[in-house]
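Just the one chain here, the form predicted alone, laid out as structure tokens.
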Amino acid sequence: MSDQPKPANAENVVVEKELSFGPVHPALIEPYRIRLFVNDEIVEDCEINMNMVYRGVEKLLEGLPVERALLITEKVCGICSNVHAWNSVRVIEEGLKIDVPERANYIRTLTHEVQRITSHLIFFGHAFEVVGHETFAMRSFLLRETFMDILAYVGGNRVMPSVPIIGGIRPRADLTEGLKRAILERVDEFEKKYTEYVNRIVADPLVMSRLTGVGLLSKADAIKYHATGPTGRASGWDFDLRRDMKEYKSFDYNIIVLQDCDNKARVVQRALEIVESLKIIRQAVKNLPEGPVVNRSWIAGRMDFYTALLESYRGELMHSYALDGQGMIRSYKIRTPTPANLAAMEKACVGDHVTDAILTIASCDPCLACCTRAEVVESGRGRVMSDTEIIRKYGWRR
């Protein structure tokens, strides 16, 4: 604890103390630094710095053959591996007008929703660790095993299933009749256990008291700070890119939008979204069309910059790049949901007690391995801007 002044870009609020957490701290799941400015243990302002895991992935991709480069994008993150692999191939497929077989799109969508469930369940595990309920945390990780197994059944690997390729999916990821039956059986078994799990959470007074009415982020602030994905939808912002994705046009599901705007809403939103993902998985298996799973009739050549947007597990994901005449990657850019969502959490935790602020920040399900992509050095000022500062200054959609 120290009496350091607030950052120059913060509002003029007089504070008694600064509390600094991280980048390594037992209360933090991943390495980022939180500065809380408090009066009488109530948060008056917050600053989050998340540039601790910059790995230079975009620079590594520069100049690589496109098929080789897209093997690397899946490894941007272990929790979000499929979403990066899928969106990276969507860029070249749209840019070069490569037709993807319908059967491949169904299996891509199934894999995407399977990993969405694993992502949300790992969020529950981490969130309940912060709350202090170890039993709920461990049960969430145990439930998650069902869908880690399904990823292995489909792709051959629990963490990096490597299902999408340019023009479709890997043939080994095609669904046999036996595999379809196994997936449906595991999904039915999971749903029974999951329903019991969620009912116990909602009925637990300890958990509900820690979540309800804490970490308020109004719809206006969610839009202002560009909160995306479940974080925005838990604050009443009805925005989900799946509505605009052609791959989802054949599926019947609901977009979960809640109005409570607090930490409870951000947990409940994901809990209900898992149920919708189960619907999509069942439809993908039962209605899987016949036909090929990959179109190889394409040649990598010059492609102008093209951008693909996809609704990842935490919100809007952008991949963008161009190809030169030899099919080599040029200027790959990745924009993930976490920087915007953490910026929104800086606002949401204002007014929280210090012990609740860490839970509020964790409620956006930050993914630090994905988020640190770009740094801007302002000429003559001799400092590097953080991702959050870049978003504040230059905007989300520029």
Partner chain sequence: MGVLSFLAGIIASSVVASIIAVLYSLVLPGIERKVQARVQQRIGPPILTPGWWAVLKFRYKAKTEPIAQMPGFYKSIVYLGLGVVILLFLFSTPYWWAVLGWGSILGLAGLLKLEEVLYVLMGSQSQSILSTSMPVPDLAKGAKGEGIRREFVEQHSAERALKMMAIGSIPLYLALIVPFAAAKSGLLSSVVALQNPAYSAASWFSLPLPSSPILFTVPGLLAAVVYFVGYVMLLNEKPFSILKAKIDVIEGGVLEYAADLRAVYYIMRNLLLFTLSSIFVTLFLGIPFDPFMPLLFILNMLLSLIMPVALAIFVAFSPIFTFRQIYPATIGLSALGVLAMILAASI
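Numbering follows the first chain given and starts at 1. Because the structure is predicted, anything quoted here is derived from the model rather than measured.
Although not depicted, the form predicted together with its partner chain is the subject of the following passage.
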- [ ] Could you tell me which of 304-312, 244-252, 91-99, 135-143 sits within 4.5 Å of its partner chain in the predicted complex, going by non-hydrogen atoms?
- [x] 135-143
TODO: Mark Asp365 yes when one of its heavy atoms lies within 4.5 Å of a heavy atom of its partner chain in the predicted complex, and no otherwise.
DONE: no
TODO: Using a 4.5 Å heavy atom cut-off, state whether Lys224 contacts its partner chain in the predicted complex.
DONE: no
Task: 4.5 Å heavy atom contact, Ser331 and its partner chain in the predicted complex - done: no
Task: Exercise: Val214 in contact with its partner chain in the predicted complex, heavy atom 4.5 Å - done: yes
Open item on the list: Need the contact residues for 183-221: heavy atom within 4.5 Å of its partner chain in the predicted complex, sequence order, or none if there are none.
Closed with: Arg200, Asp204, Leu206, Val207, Ser209, Arg210, Thr212, Val214
